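Quick setup: one chain, the form predicted alone, written in C-alpha cells, and binding and motion questions come after.
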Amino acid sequence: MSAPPLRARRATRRDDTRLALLFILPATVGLVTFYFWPMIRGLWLSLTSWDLLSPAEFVGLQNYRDMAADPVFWNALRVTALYVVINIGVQTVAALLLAVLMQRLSQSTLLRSLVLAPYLVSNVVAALVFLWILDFQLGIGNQLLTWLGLDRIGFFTSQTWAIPTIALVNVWRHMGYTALLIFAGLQTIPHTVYEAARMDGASETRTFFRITVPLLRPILGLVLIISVIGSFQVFDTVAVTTNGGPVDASRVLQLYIYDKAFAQFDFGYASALSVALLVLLMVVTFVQYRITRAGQTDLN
C-alpha cells in the first residue's frame, strides 16, 4: 500500500496541534490567571508602599532594604529552615524505609490505601487532633508520659519543642504520600539487578545502599524538590496550633507574610517577603536538582 500524500500528513498534523492546544487551553488560562499574573502583580507591589485603602506609592527597593535590616524576618527564615530540616530529614528516611518494606513484605492495595490515609486528612484537622492529643494538661500524650514517670512536655507551648512537634505532625500526614512516590520508583528497578546481587552474596543492607538507593536517585530528587517546596510554605499547621508562639519560636516565614499583609495591611512589604521566598525556593530547587542529578538515571 502506498504512503499517504505529504499534504494529507501535514493536514493531519495541523489538526492534532489544534486539538492539543484546545485541551491545554483551560489549564493555560488558569496558570496565567492564578499564577503568572499574581506573580507579576506581586513583583510590582514589592516595589511599592500599599495599605489597601490608598493608592500604591512607588518606593523602589526600600522594602528590600527594610527586610535586610528586619530581625523578625531573619528569625522567621531561621525558624523555617529548622522546620524544613527536621521535616524533610525525618519524612524522607521514614518514607524510604516504609516504601522498601511495602515492596519486600507486602504489595497489598489495602495496605497502600491505609498508608495514604493520613494524607487525605486536611492540615487543619490534623493540627487540631494533635493539639488535643499533646495538650499539656489534658492530652493523652502527656498522660502517657506521666504514667511512665516522666515530666510533662509543653509540645506546642515550649520554645524548644514547638517547631519539632509541628514538623513531626506534618511528617505523620505526608509520609504515606511520599512513601507511595518512592514505592512507584522502586517498581522501575529491574528484579534482575537484585537477583545478580543475591548471586554475588550481597546482604540486604549492602543491596539497599549499593543498589536501591543509587537507582532511586531520580525519584528521590523529585521527592526532595516537591517536599522542600511544600515545607517552606508551611502555614496552616502553625496558625492552628501556636500562631507563631511562644515568643516567635514558631513564626515561620509564611505566617510572617500573612501577618504583614492581613494584620498590619503592609502589602508592599509582604509582597517583598513573598518575592524573597520565591527567589529562595528557586535557588534551593536549582541546587537540589544539580546535586541529586534528578534528570539522570543509572538504569540505562
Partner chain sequence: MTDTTAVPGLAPAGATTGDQVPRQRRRRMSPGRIVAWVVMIVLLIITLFPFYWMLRTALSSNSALYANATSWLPVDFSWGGFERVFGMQSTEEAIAQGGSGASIDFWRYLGNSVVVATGITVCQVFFSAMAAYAFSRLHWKARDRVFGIFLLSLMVPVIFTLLPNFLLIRELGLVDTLLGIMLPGLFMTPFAIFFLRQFFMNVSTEVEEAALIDGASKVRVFFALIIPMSVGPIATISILTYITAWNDYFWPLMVSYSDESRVLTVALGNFTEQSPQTGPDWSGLMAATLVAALPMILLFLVFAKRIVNSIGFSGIK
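Residue numbers count along the first chain shown, from 1. What you see is a predicted model, and the numbers here were worked out from it, not measured in a lab.
Unshown form predicted together with the partner chain; subsequent notes refer to it.
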query = Which residue, 56, 68, 39, 61, has a heavy atom that falls within 4.5 Å of the partner chain in the predicted complex?
reply = 39
inquiry  = If the cut-off is 4.5 angstroms on heavy atoms, which of these, 82, 72, 133, 145, is the one near the partner chain in the predicted complex?
reply    = 133
task = Report whether the minimum heavy atom distance between residue 113 and the partner chain in the predicted complex is within 4.5 Å.
result = yes
ask   = Would residue 274 count as a contact of the partner chain in the predicted complex, using a 4.5 angstroms cut-off between non-hydrogen atoms?
value = yes
message = Check residue 236 for me: does it contact the partner chain in the predicted complex (non-hydrogen atoms, 4.5 angstroms)?
response = yes
The partner chain contact at residue 210 in the predicted complex, heavy atom, 4.5 Å = yes
query = At 4.5 angstroms, heavy atoms only, are 97, 172 and 184 all close to the partner chain in the predicted complex?
reply = yes
inquiry  = At 4.5 Å, heavy atom to heavy atom, what parts of 192 to 225 sit next to the partner chain in the predicted complex? List them in sequence order, or say none.
reply    = 192, 193, 195, 196, 197, 198, 199, 200, 206, 210, 211, 219, 222, 223
